[in-house]
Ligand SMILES: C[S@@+](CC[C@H](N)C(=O)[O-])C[C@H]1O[C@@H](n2cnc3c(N)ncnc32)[C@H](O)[C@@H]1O
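The chain below stands alone and is given in structure tokens; this is the form predicted on its own.
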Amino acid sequence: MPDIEGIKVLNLSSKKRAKELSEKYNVPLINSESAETYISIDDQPILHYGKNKLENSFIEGKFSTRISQYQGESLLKKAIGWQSTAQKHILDTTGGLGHDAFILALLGQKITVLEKNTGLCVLIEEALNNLPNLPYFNDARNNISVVNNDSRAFLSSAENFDVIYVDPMFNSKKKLKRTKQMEFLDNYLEEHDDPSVEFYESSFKRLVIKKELRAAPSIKDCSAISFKGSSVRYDVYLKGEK
């Protein structure tokens, strides 16, 4: 799996933030023109992979529409067992660009986002950092912790979370219409992570696996409760939930 060679600062005003990210993720600040895989820090951070570029924003582009309608995420609410009076601690095992995690945070949940690719971690961090200073965004930002690690390091502590969330859906072998972001990730990651089976074998309380609507289940267990939408479904397994 490729990862970033470093962080490139494009203007002086971004130098402090770039240094913070460099220290947190233990990647160098670079100015080399020969680097092929790196993050450039500017008003809008960009992940560069060869000639391809990836931006990630929670308030611009198509995802912003989903943000504006986050209270209507009925399928996701049902999948995690959402309750307006109780906050759940959710382990997002396949962070990606952090979109589902951010929706869950807006819904008042506490999210630990695991992503083993450093470049994607930085994009999530910057998407959070660039949010407007508004109460509901600030609350959501405070509900998210981004951890640069393989989710399997958390298998032994699965029971400490109310929900284990897995989204391997962009690893589709079908010829589906892809967004530019998904096309980038398909090429950038080369291999796609699906820790569904490992977490199914752990001491979880509630395991939620997001799939394409007609995709085969990740787990061969007919006990799943499935919540289906027009293009996706959530397969939910219950073990230690009270």
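As the structure is a computational prediction, the values presented were derived from the model and not from experiment. In case it trips you up, residue 1 is the first one in the sequence shown, and so on.
This protein has a second form, the form predicted together with the named molecule, left out of what is shown; the following refers to that one.
Asks: Do heavy atoms from each of H99, D150 and P195 fall within 4.5 Å of the named molecule in the predicted bound form?
Replies: Answer is yes for this spot.
Asks: Since exactly one of K78, K116, K88, R141 fits, which has a heavy atom within 4.5 Å of the named molecule in the predicted bound form?
Replies: Filtering the options by heavy-atom distance leaves K116.
Asks: Please tell me which of L54, V208, L189, V27 lies within 4.5 Å of the named molecule in the predicted bound form, judged by heavy atoms.
Replies: Residue within 4.5 Å of the partner: L189.
Asks: Can you tell me whether A105 touches the named molecule? I mean in the predicted bound form, with a 4.5 angstroms heavy atom cut-off.
Replies: No.
Asks: Does at least one non-hydrogen atom of T94 fall within 4.5 angstroms of the named molecule in the predicted bound form?
Replies: Yes, T94 is a contact residue.
Asks: Verify the contact flag for D167: yes if a non-hydrogen atom of it lies within 4.5 Å of a non-hydrogen atom of the named molecule in the predicted bound form, no if not.
Replies: Contact with the named molecule, yes.
Asks: Contact with the named molecule in the predicted bound form for V122, defined as at least one heavy atom pair within 4.5 Å: yes or no?
Replies: Judged by the heavy-atom cut-off of 4.5 Å, V122 is well away from the named molecule in the predicted bound form.
Asks: Could you tell me which stretch in 78-86, 127-135, 142-150, 155-163 has residues with non-hydrogen atoms within 4.5 Å of the named molecule in the predicted bound form?
Replies: That would be stretch 142-150.
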